[in-house]
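One chain comes next, on its own, written out as structure tokens in the form predicted alone.
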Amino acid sequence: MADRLLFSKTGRARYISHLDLMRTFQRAFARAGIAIKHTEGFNPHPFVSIALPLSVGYSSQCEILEFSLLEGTLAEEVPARLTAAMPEGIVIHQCYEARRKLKELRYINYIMNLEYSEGRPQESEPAMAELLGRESLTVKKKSNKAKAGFTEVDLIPLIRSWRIECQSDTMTLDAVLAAQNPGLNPELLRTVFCQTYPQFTPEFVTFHRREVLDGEGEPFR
């Protein structure tokens, strides 16, 4: 049975790309002296796989990595030993057996912060609520498989729930979005909001993954 890590990626580590993150983990396992399964062939390398790769610039507290721990290291020792070999911003929280299939990971809870340096326009909140409350919100999305180079997607069925909180200079969208097949990147929501209501375009936007969920809305592990 495979093993999994639950880890966070914050601070400057947000800007480590997916491929570089894979290499970082491979090197960290070696530096920590943790033996894991390697690929077969002429050039074997440590086998690690990250579920639902995170976009560059996003932070997260619920990333999942799959690997296979070999004899010689206890699972409860892995988080501390591996974190010590990681760059700043990557923290391993848990190591456990992968008892559930990744296809059961259905939703991701994202926190999107829209920041306004000169104060948040009061009408930005009802504007966001109007957009997300529509019965349908069809947008064009790039697709290498479509002849036209794009496909049309209705975003509303991909949104399980949403909540808006506002302060004087920020608007925070707490949303549970489809994770895969198809998934919804919150960047697409930001784009649609700014295109629909350009007068409420923020100066800065941040994205954070707070939790990965199953079909019942419970934490996926």
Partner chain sequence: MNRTLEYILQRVQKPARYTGGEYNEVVKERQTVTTRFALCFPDTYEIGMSNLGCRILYGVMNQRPDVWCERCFAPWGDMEEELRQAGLQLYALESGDPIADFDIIGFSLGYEMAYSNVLNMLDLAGLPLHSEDRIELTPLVVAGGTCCYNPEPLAPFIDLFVLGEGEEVTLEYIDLYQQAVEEGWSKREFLLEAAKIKGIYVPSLYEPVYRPDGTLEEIKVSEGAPQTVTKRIVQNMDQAYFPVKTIIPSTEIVHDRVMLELFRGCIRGCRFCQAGYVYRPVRSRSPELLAQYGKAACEDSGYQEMTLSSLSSTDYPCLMQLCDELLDYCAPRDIGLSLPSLRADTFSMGLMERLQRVRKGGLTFAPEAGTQRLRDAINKNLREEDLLQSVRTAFSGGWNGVKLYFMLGLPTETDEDVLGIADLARKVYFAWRECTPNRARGVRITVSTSWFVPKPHTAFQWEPQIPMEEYQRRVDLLRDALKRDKSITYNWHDPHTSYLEAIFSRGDRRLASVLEYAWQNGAKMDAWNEYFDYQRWMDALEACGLSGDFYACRERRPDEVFPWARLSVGVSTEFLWREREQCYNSQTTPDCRTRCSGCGANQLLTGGGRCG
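Numbering follows the first chain given and starts at 1. Computed from a predicted structure; not experimentally measured.
The same protein has a further form, the form predicted in complex with the partner chain, not shown here; the description that follows concerns it.
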Contact of residue 84 with the partner chain in the predicted bound form (heavy atom, 4.5 Å)
yes
Just to confirm, residue 27 within 4.5 Å of the partner chain in the predicted bound form by heavy atoms?
yes
Heavy atom of residue 115 within 4.5 Å of the partner chain in the predicted bound form
yes
Flag residue 182 as yes or no: does it have a non-hydrogen atom within 4.5 angstroms of any non-hydrogen atom of the partner chain in the predicted bound form?
no
The stretch from 87-95, 104-112, 67-75, 123-131 that lies within 4.5 Å of the partner chain in the predicted bound form, judged by heavy atoms, is 87-95
Any residue of 10-30 that, in the predicted bound form, places a heavy atom within 4.5 Å of the partner chain
12, 14, 15, 16, 20, 23, 24, 27, 30
